[in-house]
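This document contains two forms of one protein chain, each encoded as structure tokens and listed individually as structure 1 and structure 2.
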Structure 1
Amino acid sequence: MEKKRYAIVLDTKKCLNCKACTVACKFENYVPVGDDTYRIWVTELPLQGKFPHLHQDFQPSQCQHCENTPCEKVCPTKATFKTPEGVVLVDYEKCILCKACMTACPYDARFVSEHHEAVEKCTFCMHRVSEGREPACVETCPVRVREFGDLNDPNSRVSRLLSSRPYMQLKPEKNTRPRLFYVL
């Protein structure tokens, strides 16, 4: 059987900017309350147009789980590693807190966790996925902005979304080949 390739596809047109995902993530992953401590976020993109012709988009995001993984490359101790499914994880016991990965990440997706005494970031909730549950942010969303699934399964919701709609990725110029896809 072919290996799984996990990914998240986001339909941000639906996003209500309600922050349910960010709070769910904090509880699920014991992420402490704090200005710098968050794994995922919802950005209000700049308002476009002039009154009364306005337009605004909201953009939830998180670690992109890049296939070409800058953070993993610079990690001196293999604390950051990739699972066979392409999920980028941190082995907290191996992290020396040199923070090279934080400077290497073009998405500002990592932070120092006092809880783990290591750098941490989104794990795609692999502990839930391994139990057949969805990542917390995917599950809790009122409008289902995010879909999580296997790119190698043509029938997965992520595959079907990507084959039916155009999409973009963040910072393509960095050639990181993210596993987060934003359908348009």
Structure 2
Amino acid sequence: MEKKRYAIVLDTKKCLNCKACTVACKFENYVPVGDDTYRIWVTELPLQGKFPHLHQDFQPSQCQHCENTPCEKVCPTKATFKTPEGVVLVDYEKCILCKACMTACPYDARFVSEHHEAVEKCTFCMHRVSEGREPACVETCPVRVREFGDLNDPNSRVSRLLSSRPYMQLKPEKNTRPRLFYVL
């Protein structure tokens, strides 16, 4: 059986900027509430159109769980590593807070965690996935902006979405080959 390759597909047209995903992530992963540190976030894009026909789009984002990981390559202690499923994680015990990974990440997806005394980032909630559950951000979203699944399973929701709709990835010029896909 082929190993799993986890990914998230996002349909940003559905995003209401309700912040359910960011709140769920903070609570699930013990990220302090009330400060400016986030594992995931939603960017408000500029208003479009002319009054009174204005609309605004939102772009949820997080660690891109790159296949070509610049953060992993610069880590002097190998604290940053990839699981067999391609999920990029941090071994907090090995992290020396040099912040090289923060500098190398083109997505600004890492922060210093006082809780772990290490650099932290999205983990795709692997502790939940190992129990057969979805990441907290996926499970909590009331309009299902995010879909999580295995790219190697042609019947998974992520595979079906990517085969049926055009999509883009952030910063393709960086050649990181992200595991986050934005359907158009």
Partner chain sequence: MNNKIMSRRKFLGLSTGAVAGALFGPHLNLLMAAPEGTFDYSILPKGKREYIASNCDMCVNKCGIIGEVVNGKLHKINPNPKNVKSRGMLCAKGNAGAAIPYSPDRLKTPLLRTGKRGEGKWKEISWDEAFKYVAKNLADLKQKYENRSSVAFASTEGFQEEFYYYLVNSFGSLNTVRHTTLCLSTNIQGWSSVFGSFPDADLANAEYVIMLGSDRAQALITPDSVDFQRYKPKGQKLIVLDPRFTETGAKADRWYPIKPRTDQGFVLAMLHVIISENLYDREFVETYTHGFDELKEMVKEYTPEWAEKKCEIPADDIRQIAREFADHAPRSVIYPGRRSSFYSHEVYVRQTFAILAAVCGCWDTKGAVVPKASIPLTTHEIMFPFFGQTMDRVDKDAVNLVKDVVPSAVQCPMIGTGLPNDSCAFLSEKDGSWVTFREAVLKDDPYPVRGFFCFKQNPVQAVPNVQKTMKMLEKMDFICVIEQQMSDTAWYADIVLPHSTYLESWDPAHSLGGIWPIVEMRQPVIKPLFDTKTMFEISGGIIHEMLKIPSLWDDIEPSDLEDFKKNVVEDILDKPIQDYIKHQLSKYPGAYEQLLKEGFYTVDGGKPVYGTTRKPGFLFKSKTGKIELFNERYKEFGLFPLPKYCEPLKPQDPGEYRFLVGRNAWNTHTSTQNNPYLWEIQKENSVWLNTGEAKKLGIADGEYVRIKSKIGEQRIKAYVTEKIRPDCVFYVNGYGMKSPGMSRVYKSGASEAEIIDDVLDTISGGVCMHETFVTINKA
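The term rigid core refers to the most C-alpha atoms you can superpose between the two forms while keeping them within 1.5 Å. For residue numbers, the reference is structure 1: its sequence is counted from 1. Just so you know, these numbers come straight off a predicted model, no measurement behind them.
**Student:** Just flag whichever of structures 1 and 2 is the form predicted alone.
**Tutor:** Structure 2 is the one predicted alone.
**Student:** If I superpose the two forms on their rigid core, does the C-alpha of residue 33 end up displaced by 2 Å or more between the two structures?
**Tutor:** It does, since the residue 33 C-alpha is displaced 2 Å or more between the two structures after the core fit.
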